Every structure is written in structure tokens, then in C-alpha cells.
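One chain is shown next in C-alpha cells, namely the form predicted on its own.
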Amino acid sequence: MAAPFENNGNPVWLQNPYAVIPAVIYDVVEESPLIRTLRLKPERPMVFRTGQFIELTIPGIGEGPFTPSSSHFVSQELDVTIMKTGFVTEYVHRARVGEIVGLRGPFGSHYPIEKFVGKDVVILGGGCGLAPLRSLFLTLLHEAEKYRSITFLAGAKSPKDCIYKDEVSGWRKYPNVQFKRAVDVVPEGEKWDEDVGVATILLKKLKIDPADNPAIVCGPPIMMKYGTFDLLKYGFKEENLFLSMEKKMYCGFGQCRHCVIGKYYACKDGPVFTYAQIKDEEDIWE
């Protein structure tokens, strides 16, 4: 049974932000040379809302903030998709089925999907930014009939860097869903029959009225920057552009100050912000 939520989206039982829930790794999916998905079974249900993040602990090594990549309608299991980028993630990529990790959280803000009902939802992402977007996408698909349409535009460096490959054909079977991909380059010898170019070129294929419809962006800072600007040019409103500003987070609850964005903390006030909220803060794309 799902735990009731407080106003900040966290479950009532989360009284101690340092409390760690043990979770066993029951499967590992090698998504690309640098990205893998850990499939976890927590000791007790991990109730979260899509867009929130958790802290994942590798015992004896350390922890890091990651956004679940699974639907928030599933709490008995949890997927976390992680790119190898540093000390902790190096050990994450050595983890094996049967090992125990720790989970803290959830923390932060979430996507206001109740505001998306009856609308055309556009999702734009690239690289490991697809992890929180997969969570959002799967959450929307759980009740796909509630939305007029769902369009997911995904970018990667090359075909071998595309993640969630085995799921794409299933996603494309939904009558009101479009899933389109683009890669920066196609190396000689690799097969690819979809678009070539940066993820933002896929916006040219949009055929929806942007008025009062939401768009969600997550990915490398440069992609988020120009993706946001292109969505604004397309006609989306600043208050309807939702950005996941995760890259500076560390502790999870505003103590270390690594994630300050002007007057905001990405971990407490975000990681989900509207562009209207943060557009006037300095260096938001760095």
C-alpha cells in the first residue's frame, strides 16, 4: 500500500533524512558502454513521485543522488539508470546481481502530472538525462488515456549510446504516443534508420499547438539550454517548460550548498523547476 504524502511530496514515514533502506540488486541492464540500469528490490516500498530523486549508497564507498528511472506507480521495485562519471559511479558499474545497496529519500520536487491531463505532453532529452524522463514517460503511460498525446524526443551521441533499446518498440505501440530518436553521428559500420543530428532537430517534427501544453527537458546542460530556447521559439510558455536541474546535487537536503541556483536549492526547491522560476538566475546552464 502506498504511503500517504505530505505537502512536499515525501512520504509521512520519512522522518529521518539519513535513514537508509537496504535494497538488493536483482538485475542489471547494460544500456550502453557508459550507462547501466540497476533494478532494485527495496526492503520496504520506496514511494516517490516522478521527478524526485534518491540517494544511492554503495556500502563502504559512498553515495550519490540519482533520479529513479521507473514509474512512480511501482514502489516494490525501483530502477536507477546511472552513467559512469566518477568515483561512486565507477563502483556502481562494478556492482553485481545479489549485492546490497542503500537508498535514502525520496527528496525534492516532482513533475506536476496532474496539470498535464488532457494535454499534448512533449518530452525532450538526451544522454543520461533520459533516466528521469523514462520515469515520467512510464508514469504517463500507466494512464496514457488521460493525455491527448505524449511525444518523447530522445537524443544520443551514436546508435550504440542509445539506451532503453529493448523498450522502444513497445512504447511505439500506444496509439497516442510518438517516440522519436536522433543521434549526433553514425560511425561507419553501425546501422541506423532514424534521424541524425542533435536532439533538438526533432522539434521540427512537432505538429501540436504549444498553447497551454507542457514540455519537459532533461539532459546535458548545452542540450537543455538550446532545447529550452527552441521550445520557446516554437511557442511554449515559460511557465509550461519544466526543467530537471540535477547536475549539482549532492547531500539531498540543502546542507552542503553544492546545488545553489540563485535563491534556490536544486535538491530542496527542485530538481524540477519551470523555466519561468529560474530564467533570471545566473549560470543556470553551467
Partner chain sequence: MVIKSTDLLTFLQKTARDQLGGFTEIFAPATSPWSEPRNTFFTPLHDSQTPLLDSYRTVDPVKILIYHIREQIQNNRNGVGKHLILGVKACDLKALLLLDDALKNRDVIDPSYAKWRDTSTIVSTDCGSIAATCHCTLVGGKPYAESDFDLNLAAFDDSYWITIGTERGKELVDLMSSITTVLPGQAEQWQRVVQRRERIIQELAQQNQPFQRRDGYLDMRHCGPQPWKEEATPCIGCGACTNICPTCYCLILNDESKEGTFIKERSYDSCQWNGYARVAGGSSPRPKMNQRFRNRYLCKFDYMYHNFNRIGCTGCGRCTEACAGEIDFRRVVKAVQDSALAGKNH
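Remember, predicted model here, so these are calculated numbers, not experimental data. Positions refer to the first chain, counted from 1.
Omitted from view is the form predicted in complex with its partner chain, to which the following refers.
Put simply, of Val101, Ile163, Leu202, Ala215 only one has a heavy atom within 4.5 Å of its partner chain in the model of the complex, and it is Val101.
Contact annotation: Gly254 falls within 4.5 Å of its partner chain in the model of the complex, judged by heavy atom distances. Residue contact check for His258: one or more of its heavy atoms lie within 4.5 Å of its partner chain in the model of the complex. Shown alone here, Thr85 lies within 4.5 Å of its partner chain in the model of the complex, counting heavy atoms only. Taking non-hydrogen atoms only, Gly235 never approaches its partner chain to within 4.5 angstroms in the model of the complex. The chain is drawn here without its partner chain; in the model of the complex, the stretch among 32 to 40, 59 to 67, 46 to 54, 223 to 231 whose residues come within 4.5 Å of it by any heavy atom is 59 to 67. Although its partner chain is omitted here, in the model of the complex all of Ala19, Lys263 and Asp283 have a heavy atom within 4.5 Å of it. Shown here without its partner chain, the chain has no residue in 199 to 220 lying with a heavy atom within 4.5 Å of that partner in the model of the complex.
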